[in-house]
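Okay, here we've got a single chain as structure tokens, the form predicted alone, with questions on binding and movement later.
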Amino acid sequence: MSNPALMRRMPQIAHVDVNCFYASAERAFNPALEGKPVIVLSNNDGCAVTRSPEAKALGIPMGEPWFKLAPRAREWGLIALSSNYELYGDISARVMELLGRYSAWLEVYSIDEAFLGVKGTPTELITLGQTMKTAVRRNVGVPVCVGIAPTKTLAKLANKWAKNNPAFNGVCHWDSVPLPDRETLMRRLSVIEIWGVATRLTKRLNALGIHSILDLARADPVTIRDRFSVVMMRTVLELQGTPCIPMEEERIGRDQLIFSRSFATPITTTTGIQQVMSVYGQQASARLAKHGLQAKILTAFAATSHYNPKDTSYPSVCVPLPMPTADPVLLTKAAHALLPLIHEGIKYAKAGIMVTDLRPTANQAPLALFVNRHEERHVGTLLENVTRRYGRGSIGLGHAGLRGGPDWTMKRNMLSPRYTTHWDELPTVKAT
């Protein structure tokens, strides 16, 4: 396509992704981590969920348990950090706000990646990609790569290429790369590298002789639809350059909310599980209120560790609520329906609640007989306001009223400061 005016009118999609997001967020406030192998651990300091390039070079696999890495950490110079969710969430918000300045068409896909609608000639788009990359690095402090293509699937593929090929300088415009080079890349990559294609689907595709991304791109879309699904047909069309996955606006409604964590210390008593259910009930209430939602069904569950074959118990209970509600009292009482199913002495490693059948608040006014006095007095809003001002754990209902936090709360022994969200942890700069 050689007509510049026509090329400017053709919409393109830019996929912007933060490189090694958790590790990069840590380095933004601690430059001493630059050039060193860094891993960020999962809940309870369990296993590596982010690895810096230097850590990957040591051969550390994703998901490697920390207890296996710890004995050699000093020898390798490996630095392990607990997951600093407060910091990562704030850094993500700053990145997305900055990207939104470059396009009115922004879809935040995850905590570290977004799609943007863009237009322009290849030269203009590459320049735009470099501008966004420089702006995020300068203003937020984290590195990003940019992939630009006619479809979301190709944009993600272009981003992957930009990350792994220094010649692109972090920005790859798919259509600017010669066709033979694109085909060579797709021939080298397995179909499992494609967005949305997992292990089971890869095996089914392999059985049909489709091993590489190029094989899939050359497949007949109708045949793929008949053998697999419409979703897979869209993937094929996207690889062929036909946009089939539209940009989405921010999703206000939600299908469900889940509150669940593994325990730092196993819980062996009904009283301990009761405390957990109380805390999660209050958290569910706050989250529902934040999004202007109410729930009609609550499911509570607990589970022992898969690595503990001696004790096995997976109790769960589904409780229909008397009315759509976000009331912390009603949610907590419903969650306590799990307690009769708990076995004393069993080591429970995880528990949680899930609220479903969500609907907008005040979507339908209840009859006077069914008005909830706690919601009428805004108890949930009061709890959330106090929590927001004085911190999580400063107030709670019944067993959720904690001082200092219980033993089972998430272990984060290697937590870095929450530089941007807590006044007493703000970074300090010493001038010499």
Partner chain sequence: MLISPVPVAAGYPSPAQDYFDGRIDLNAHLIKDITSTYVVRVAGESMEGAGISDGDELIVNRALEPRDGSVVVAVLDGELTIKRLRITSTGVVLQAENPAYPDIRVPSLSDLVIWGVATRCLHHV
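Being a predicted model, the structure only gives us computed values, none of them experimental. Positions refer to the first chain, counted from 1. In this text, rigid core is short for the largest set of C-alphas that superpose within 1.5 Å between two forms.
There is another form of this protein, the form predicted in complex with the partner chain, and it is not shown here; the text below is about that form.
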Contact between G63 and the partner chain in the predicted complex at 4.5 Å, heavy atoms? no
Just checking whether Q256 would be counted as a contact of the partner chain in the predicted complex - the rule being heavy atoms within 4.5 angstroms. no
Is it the case that Q12, even though its partner is missing from this view, gets within 4.5 Å of the partner chain in the predicted complex, heavy atoms only? no
Is A32 part of the interface with the partner chain in the predicted complex - any heavy atom within 4.5 Å? yes
Taking the partner chain in the predicted complex as the reference, which of C318, L98, A73, I192 has a non-hydrogen atom within 4.5 Å? L98
Heavy atom within 4.5 Å of the partner chain in the predicted complex - the one residue of R94, K296, R218, H211 that qualifies: R94
In contact with the partner chain in the predicted complex (heavy atoms, 4.5 Å), from 133-141, 118-126, 349-357, 201-209, is stretch 133-141
Quick one: once the rigid core is lined up, does V317 have its C-alpha move by 2 Å or more between this form and the one not shown? yes
Quick check on Q274: with the core superposed, does its CA move 2 angstroms or more between this form and the one not shown? yes
Closer or farther: the C-alpha atoms of Q274 and E86 in the predicted complex, versus the form shown, with a change of 3 angstroms or more? closer
